[in-house]
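The chain below stands alone, shown as structure tokens; this is the form predicted on its own.
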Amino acid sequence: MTDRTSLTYDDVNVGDELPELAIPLTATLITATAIATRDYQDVHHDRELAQAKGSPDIFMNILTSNGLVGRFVTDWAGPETELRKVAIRLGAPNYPGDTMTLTGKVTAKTDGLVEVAVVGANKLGNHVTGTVTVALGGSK
């Protein structure tokens, strides 16, 4: 049975904007996702050690940022979406007490694949920028 909530290649146009996704950044989210990705660096879970290394607080790891970018695009496109490529670059850290807002825009459609430019920003600036290439449901 096909899930009718998934977008198809023909449903999407270059220039389409994805709905924003605001993610509250809590110490629990940052710590739990670092542990879930097996990133035991102290700067992701121990405030005192992070501060001793020059950071004002713990901060999100790149694996979590990568996962949230993928989630953002697949939440928009639907459960039949296949991530083909995620290429991101980190900028401003994600600290607890802030919010990261993800935005995206379809930038290309080629050979059945759709490319989405993604930005995740917080009060310090852009935390993550990059592109995600997907095969949409019905276009695999």
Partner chain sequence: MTEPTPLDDTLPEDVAALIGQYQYEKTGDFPVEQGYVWTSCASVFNGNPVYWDAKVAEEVTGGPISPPSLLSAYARPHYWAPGAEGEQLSLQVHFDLKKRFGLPEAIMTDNTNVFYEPVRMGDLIRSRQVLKSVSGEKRTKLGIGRFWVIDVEYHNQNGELLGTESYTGYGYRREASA
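Residue numbers count along the first chain shown, from 1. Everything quoted here is computed from the prediction, not taken from an experiment.
Although not depicted, the form predicted in complex with its partner chain is the subject of the following passage.
- Message: Contact with its partner chain in the model of the complex for Gly54, defined as at least one heavy atom pair within 4.5 Å: yes or no?
- Response: Answer yes; at least one heavy atom of Gly54 falls within 4.5 Å of its partner chain in the model of the complex.
- Message: I'd like to check something about Leu113: if you look in the model of the complex, is any of its heavy atoms closer than or equal to 4.5 Å to a heavy atom of its partner chain?
- Response: No.
- Message: How about Thr107 - does it come within 4.5 Å of its partner chain in the model of the complex, if we only consider non-hydrogen atoms?
- Response: No, Thr107 sits far enough from its partner chain in the model of the complex that none of its heavy atoms falls within 4.5 Å.
- Message: So, Thr103 and its partner chain: in the model of the complex, are they within 4.5 Å at any heavy atom pair?
- Response: Residue-level check for Thr103: no, no contact with its partner chain.
- Message: Please tell me whether the candidate spot formed by Gln41, Ile62 and Leu83 is one where all three residues come within 4.5 Å of its partner chain in the model of the complex (heavy atoms).
- Response: Yes: Gln41, Ile62 and Leu83 each sit within 4.5 Å of its partner chain in the model of the complex.
- Item | Neighbours of its partner chain in the model of the complex among 87 to 122 [non-hydrogen atom within 4.5 angstroms] | Ala87, Ile88, Arg89, Leu90 sit within 4.5 Å of the partner.
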